[in-house]
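In the form predicted on its own, a lone chain appears below as structure tokens.
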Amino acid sequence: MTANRIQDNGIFHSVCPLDCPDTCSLHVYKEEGRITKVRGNPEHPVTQGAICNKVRHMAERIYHPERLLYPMKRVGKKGHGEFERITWEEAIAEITSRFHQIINRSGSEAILPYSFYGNMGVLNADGMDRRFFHRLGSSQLNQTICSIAGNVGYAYTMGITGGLQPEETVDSKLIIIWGGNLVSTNMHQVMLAEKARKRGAKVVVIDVHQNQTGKWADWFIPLRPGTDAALALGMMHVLFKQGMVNEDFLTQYTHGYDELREHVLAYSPDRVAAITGVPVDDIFKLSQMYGEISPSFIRIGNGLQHHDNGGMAVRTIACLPALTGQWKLRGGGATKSNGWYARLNETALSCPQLRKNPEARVINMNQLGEALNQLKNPPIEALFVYNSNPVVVAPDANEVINGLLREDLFTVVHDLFLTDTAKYADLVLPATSSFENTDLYKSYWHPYIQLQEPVIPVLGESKSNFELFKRLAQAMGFEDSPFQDTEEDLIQQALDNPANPYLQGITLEGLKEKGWMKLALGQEKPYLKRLPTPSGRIELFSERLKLEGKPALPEYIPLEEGYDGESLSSAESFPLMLITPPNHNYLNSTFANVEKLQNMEKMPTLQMHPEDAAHRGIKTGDQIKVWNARGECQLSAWVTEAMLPGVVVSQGLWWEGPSGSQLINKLTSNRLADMGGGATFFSTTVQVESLRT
């Protein structure tokens, strides 16, 4: 490896910045100062040199001919994408002037930051930007678009959001992947599962769509959207009835198992089959496999939590390992997210003490359109977007676009490209790529902290989020000491978290030496100690849920928009349930403008079951209209038996193209899930018709 990070030639250590559990260690190859290829680092203990096709094409994104390299100011109508070049001095002066005017007129809460994890680097997603908006006193953003409902649900059962460590899963004998397309979104867990399978393990995938992971499995079980909790409760019914539970484990480590035993009597296989669409025989077979094969591991994916009942669904599935005592076994248990083990010092990073209005209103990012169009006292008068592309990724896209079209809304977008969102901005600022930054990365799956140092010089006039918000703070006259910190200061502050013993021994110096360090986990299994639940145990009966007026025991709760246990709600007007999972070559809207990956994905499609297609006279390749009361899209039909009748699937988030409307989130609702304020993307009903004349 080359020691000098900015040398023109050599192989350099780097980290994948994408919002993906794998957080891969990378080797970046350079010739004459330019990145020529990106490959996996074979020395990393978990990612071991394997990377996805997306990241192999990262250089094409970095050097894309449409990359923004200087600040721009809008000169045309909002949404038309007409801009002229300006200087950074002009851009900073415009922002500070407008912010001062808004604060003097309406107060600081009239300003809203909007961001997520387009770059997972801690410094550029959770650092100087948070300090700036705290000191500014802006409205606060509740970042709930991705995994919050499931994490909250899991924690009601376990008290923590941590689970099984990846390396253990090679010893699992039964692996259930529930609601996640891991081939596309967690490829290294698939590699570990494949090693386990070579040792005799069986892989079962439970999902609404037979995606690449479902095709790879030994057994794929399709079910109706939003009915995951019912299937889990049906499994519990069989486990208790056939005496396949671990009574000793339940007695020692759980709370409420007697209540659960009585509760699941109502979830007979016949009833569960009617709800889920899973045949009775398959419910028995799955339950018996889970009751008889040890160690067993459940990898809980992101998909099922994007329903009205998503939090309860994950909370219910998280109960299963306790019933059979899997947590005591190496390779036994479950994983939803392991980010809990890598908890950094978020207070030191974001400095909430800078905020003079700690009770400032909190706006859920899933309801951006509603906030822009309906909030009063004060209305949102300025929007600052970074690390996100809400026109494409946020629900109820038409409402978002309507808000961005407001002439009285001052919008700033900091990005690498003129995205669909940036086209509505008043100012567009060029952002650095992760390869141009110093940053700290943690994984929400594997136990390694990694350091990113610059691999290439900053391109054009781009600035990192860290540098941008530090400069804005100076321009706004913020003289507080946190705005004097360097990037290395923030890294050291983040790692200094006495409340998290797993960070013990991880230092900036150690990270510089090798690029990564492992969390101090040892052989500890926190779920066998006193857990941070009211009972100190795994809560099959949740005291906290009871106090909050929610079902204390795991429960199947029908969807507000979708399958209600007997039929589809909205069935008369919109009889099909729409699921919008990720595709293989994009990550949300990232990479959707890279030509090679576009060619691999070809075009946005709607997958339909043959029964539903025949009823509408639709054939593969037909142009179709997909619509509901919120909006409509035009897609290409793909007739397939990859899901049950009544379900349609559109994979991937596509930028708007010349062929017409393809923003699938024009159809999705901004309703919030049952827990954590999460998104309900997958609880959507639609109608479809052919556009053939």
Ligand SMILES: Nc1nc2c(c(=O)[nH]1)N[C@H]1C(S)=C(S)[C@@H](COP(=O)(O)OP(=O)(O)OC[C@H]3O[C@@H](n4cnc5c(=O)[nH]c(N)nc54)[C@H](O)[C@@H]3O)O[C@H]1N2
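Please read all numbers here as calculations on a predicted model, not as lab measurements. Sequential numbering from 1, following the sequence displayed.
Only in words, not in the display: the form predicted together with the ligand, which the text now covers.
Across the options 248 to 256, 476 to 484, 300 to 308, 276 to 284, residues that bring heavy atoms within 4.5 Å of the ligand in the predicted bound form belong to 300 to 308. With the partner removed from view, the residue among Thr185, Gln607, Thr411, Gln189 that has a non-hydrogen atom within 4.5 Å of the ligand in the predicted bound form turns out to be Thr185. Listed residues Asn151, Gln367, Thr169, Asn583 were compared with the ligand in the predicted bound form; Asn583 is the one with a heavy atom within 4.5 Å. Proximity of Cys20 to the ligand in the predicted bound form: non-hydrogen atoms within 4.5 Å are present. In the predicted bound form, the ligand stays beyond 4.5 Å of every heavy atom belonging to Arg130. In the predicted bound form, the ligand sits beyond 4.5 Å of every heavy atom of Pro71.
For Asp207, a non-hydrogen atom is located within 4.5 Å of the ligand in the predicted bound form, even though that partner is not displayed. Contact annotation for the candidate site: Pro225, Asp228 and Leu587 all lie close to the ligand in the predicted bound form (heavy atom within 4.5 Å). Annotation for 365 to 402: interface residues with the ligand in the predicted bound form are Tyr386, Asn387, Ser388, Asn389, Val393 [heavy atom within 4.5 Å].
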